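Just one chain is shown here, as structure tokens, and it is the form predicted on its own.
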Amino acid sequence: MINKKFQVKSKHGLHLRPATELIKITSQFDGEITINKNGIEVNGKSILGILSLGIEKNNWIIIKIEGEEEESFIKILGDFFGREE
């Protein structure tokens, strides 16, 4: 299991379009993914869960990932959250 903290760099945060992109990424992972913002944890493969967090630019989130190929997958998520577009 890996827990990693990320700061969301996208100027619009995780509104519908980038949240949909995130779901496309997380759905490729066979294991469990959770996203935590301010103590509220949601399924990282749930669009409604992600949108309910109201993640904005510069918010910090914690990703918990458990499954095979965790290391390579957490890098992919780091690249996603580090984008400023």
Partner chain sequence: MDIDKLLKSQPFEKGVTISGGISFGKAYILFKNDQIKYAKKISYEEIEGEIGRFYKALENAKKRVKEMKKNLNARVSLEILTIFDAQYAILSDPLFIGEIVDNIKAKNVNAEYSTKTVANNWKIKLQKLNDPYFKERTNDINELAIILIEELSLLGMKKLCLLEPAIIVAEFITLSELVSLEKDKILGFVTSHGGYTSHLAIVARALNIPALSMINNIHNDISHGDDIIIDGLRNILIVKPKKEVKEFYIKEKHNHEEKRMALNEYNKLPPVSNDGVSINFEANLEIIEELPLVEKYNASGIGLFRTEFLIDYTSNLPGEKKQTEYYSQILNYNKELPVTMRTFDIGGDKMIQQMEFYKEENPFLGWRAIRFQMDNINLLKTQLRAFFISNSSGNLKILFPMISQMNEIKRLKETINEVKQELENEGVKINAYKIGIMVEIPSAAIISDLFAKEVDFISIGTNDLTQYTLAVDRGNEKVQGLFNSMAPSVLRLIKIVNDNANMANIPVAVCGEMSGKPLEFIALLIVGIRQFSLVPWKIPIMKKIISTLNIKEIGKYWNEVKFLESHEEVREFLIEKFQDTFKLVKSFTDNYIL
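Note that the structure is predicted; figures quoted are calculated from it, not measured. Numbering follows the first chain given and starts at 1.
From this point on, the text means the form predicted together with the partner chain, which you will not see here.
- Contact check for residue 43: a heavy atom falls within 4.5 Å of the partner chain in the model of the complex.
- Taking non-hydrogen atoms only, residue 24 approaches the partner chain to within 4.5 angstroms in the model of the complex.
- At a distance threshold of 4.5 angstroms between non-hydrogen atoms, residue 33 is out of contact with the partner chain in the model of the complex.
- In the model of the complex, none of the heavy atoms of residue 58 sits within 4.5 Å of a heavy atom of the partner chain.
- Contacts of stretch 27 to 64 with the partner chain in the model of the complex, defined by any heavy atom lying within 4.5 Å, are made by 43, 45, 46, 47, 48, 49, 51, 52, 53, 54, 55, 56, listed in sequence order.
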